[in-house]
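A lone chain, given as structure tokens: the form predicted alone.
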């Protein structure tokens, strides 16, 4: 199966049902399919090797994605927020592609091959609609090339084949199962796997997809109310901004049945406040990676509701990412590649049809199909998966492995702290010292000594940060991931 078949099925079944809403533009499933075929015709006519998409969320995103799928060429969304020096090499690494971008083009792109993304929405490729499209697109062909966020170095090009993405969609969504009134609000960027997965899964379910090209807490809330949004997905920084904006007032979004979050680690205090403010909304924690075609584990509404009701075991599991999806296998291993017993932390490995684990430089999946996530975690007796963080982030102090997440959770529970990150910095005696960079809530004051005393009340003394610095903000990607390498460089200096 391939991606174009997902849209073809939806268009033939749902026809005039609204598929996409973006500003004053609304496209039915049939209109989206027709626009995608016209773009595909243009790609085939020009002999393009792929389609580079460099823009925000709007109707041109699904048109470009499915146009690429119908033409049988890779879709390559890029981070439009990158500077010219970062973006140009990525564009030049994909020669012979049509480039869909904002007015003015993209650094490193051939102007003759660059198209203003509004032309896709305005159906300006009518002439190309007569071009014969490939009769068959191999499920093993590359469908999407996604550049990883590069939080630990230079971004890598992850390759997702049609069979990976369709395995995820078919394995998690029932076709055309949505009520005609159902609507999904999407604010995560197109170049992130969550943006890709939201599009594919909501389209296959038959929901109306509402796009916001930029995130603003009040606009987000207003859009939910105006459009009758039933499902939405946010990254942690977005939810934190919504919670802060509400300032203790109920969210008042009665149509919102499900609010999913993921893309980065969610601070528990933010989640706990959100559960109070979004009465009647079911929360879902979705854990996945670019290389796994999005979600591989879910912590569902029942688990969140039980934790909110005070169930002590559920409260602990609120710090997990839930249970792996059907069709996904998980193993936790030690450094010698041996399986770890229940409850013991180690390196997380995954296996399943939706998992790619492949880059432009080759695959990292082993002979038995296991993908090394490079995340550290553990599994409890009931099968809940807990992620401690990236293995590279683990602090090794005097031979003891310390997970930064444990300390960060304690820090952000302090009333005066708005944000915090913990890293290891080089030390001749201990190998590494624990350092914390924190952002204070506006109008509060706190000394390093007071914060260290607070940590000693809640953690072993060996886990108390020896270095504490205060910053106005922490470096993060647009999807909320901490840029720990920048923090390490800052604090090591």
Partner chain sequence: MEIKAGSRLACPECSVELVVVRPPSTAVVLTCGGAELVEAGADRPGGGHADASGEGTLVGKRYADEDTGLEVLCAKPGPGELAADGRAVPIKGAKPLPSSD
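Residue numbers count along the first chain shown, from 1. All figures in this text were calculated on a predicted structure; none of them were measured in a lab.
Omitted from view is the form predicted in complex with the partner chain, to which the following refers.
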- Check, residue by residue, if 5, 175 and 286 all come within 4.5 Å of the partner chain in the predicted bound form, counting heavy atoms only. yes
- Task: Name the stretch: of 114-122, 247-255, 297-305, 372-380, exactly one has residues whose heavy atoms fall within 4.5 Å of the partner chain in the predicted bound form.
- Result: 297-305
- Of the options 220, 349, 204, 384, which one has a non-hydrogen atom that comes within 4.5 Å of the partner chain in the predicted bound form? 204
- Query: Pick from 170, 264, 238, 395: which has a non-hydrogen atom within 4.5 Å of the partner chain in the predicted bound form?
  - Reply: 170
- Message: So in the predicted bound form, is the partner chain close enough to residue 353 to count as touching (4.5 Å, heavy atoms)?
- Response: yes
- Query: Is there any non-hydrogen atom of residue 139 lying within 4.5 Å of the partner chain in the predicted bound form?
  - Reply: yes
- Is residue 489 one of the residues lying within 4.5 Å of the partner chain in the predicted bound form, judged by heavy atom distances? no
- Item | residue 197: touches the partner chain in the predicted bound form, heavy atom cutoff 4.5 angstroms | yes
- Residue by residue through 233-247, tell me which have a non-hydrogen atom within 4.5 angstroms of the partner chain in the predicted bound form. 233
